[in-house]
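In structure tokens, one chain follows: the form predicted alone.
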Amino acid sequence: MADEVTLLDFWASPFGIRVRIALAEKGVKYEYSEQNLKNKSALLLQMNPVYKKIPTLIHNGRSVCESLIIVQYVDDAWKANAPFLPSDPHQRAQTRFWADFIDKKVFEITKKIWTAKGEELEGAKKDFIECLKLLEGELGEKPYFGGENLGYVDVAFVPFYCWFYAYETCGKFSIEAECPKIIAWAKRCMKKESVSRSLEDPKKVYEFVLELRKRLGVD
């Protein structure tokens, strides 16, 4: 029996984009279901009753929630292509550490870049660049965080690349000027069809951010 796979998602979500990349890398065919986050569907509430959030993956009627957990699940459930996580226990732990770092640090800081003003904005920009420099150090001279292949940390982080234009425009700074290695890595990732087809148009994301800023009273 063929797998029945549905992804409940929202187009601009970097967390949802993670799952789209993972599924594309593994060659999984799935139904994409765009969700209205202001008026959540009965299916989303049923399949993710705890957090009621996207992305939620439904595989043969059973749900998997939280983007990094979904990416690990996809890696375990579909063995096509190279695994996202290394087999060595210490390397696996380090990989999970950096993915967790991206979730806990990068997302919270970048949100401030498009919602804050004045000193708070300047502090957020400084913190973001510091995070990127730490990630550059972890990347080293490898083509990808996963080594020769796209790995778990790459899948966790590259979706934010389509938000970089919004960060730079709202914050009036250049990421490439400060962290050229990160931009070179992102462009390398974009050469993969699984990534380029999953990431959204940066200018469309920026327009969405402008709408959010108006809604929040930033502008």
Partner chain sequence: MAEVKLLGAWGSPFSRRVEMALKLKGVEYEYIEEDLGNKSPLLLKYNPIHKKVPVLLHNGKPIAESLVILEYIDETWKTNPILPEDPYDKAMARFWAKFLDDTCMPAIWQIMWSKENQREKAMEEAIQHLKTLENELKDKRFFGGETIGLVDIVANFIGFWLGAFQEASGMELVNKERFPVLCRWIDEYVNCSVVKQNLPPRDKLIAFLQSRFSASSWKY
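Numbering follows the first chain given and starts at 1. Just so we're clear, the structure is a prediction, and the values are computed from it rather than from any experiment.
Another form exists, predicted together with its partner chain; not displayed. Remarks below refer to it.
Just checking whether N149 would be counted as a contact of its partner chain in the model of the complex - the rule being heavy atoms within 4.5 angstroms. No, N149 sits far enough from its partner chain in the model of the complex that none of its heavy atoms falls within 4.5 Å.
S63, heavy atom within 4.5 angstroms of its partner chain in the model of the complex: Residue-level check for S63: yes, a contact with its partner chain.
4.5 Å heavy atom contact, K111 and its partner chain in the model of the complex: Judged by the heavy-atom cut-off of 4.5 Å, K111 is well away from its partner chain in the model of the complex.
Is there a heavy atom of D100 lying 4.5 Å or less from a heavy atom of its partner chain in the model of the complex? Yes, D100 lies within 4.5 Å of its partner chain in the model of the complex.
Establish, in the model of the complex, whether H90, A93 and R96 all lie within 4.5 Å of its partner chain, using non-hydrogen atoms for the distance. The answer is yes; H90, A93 and R96 each reach its partner chain.
Name the single residue among K126, K104, K142, K133 that comes within 4.5 Å of its partner chain in the model of the complex, judging by heavy atoms. Filtering the options by heavy-atom distance leaves K104.
Could you tell me which one of I69, A177, L37, L45 places a heavy atom within 4.5 Å of its partner chain in the model of the complex? When its partner chain is considered in the model of the complex, the option within 4.5 Å is I69.
Considering its partner chain in the model of the complex, find the one stretch among 179-187, 22-30, 50-58, 161-169 with heavy atoms no farther than 4.5 Å from it. Within 4.5 Å of the partner lies stretch 50-58.
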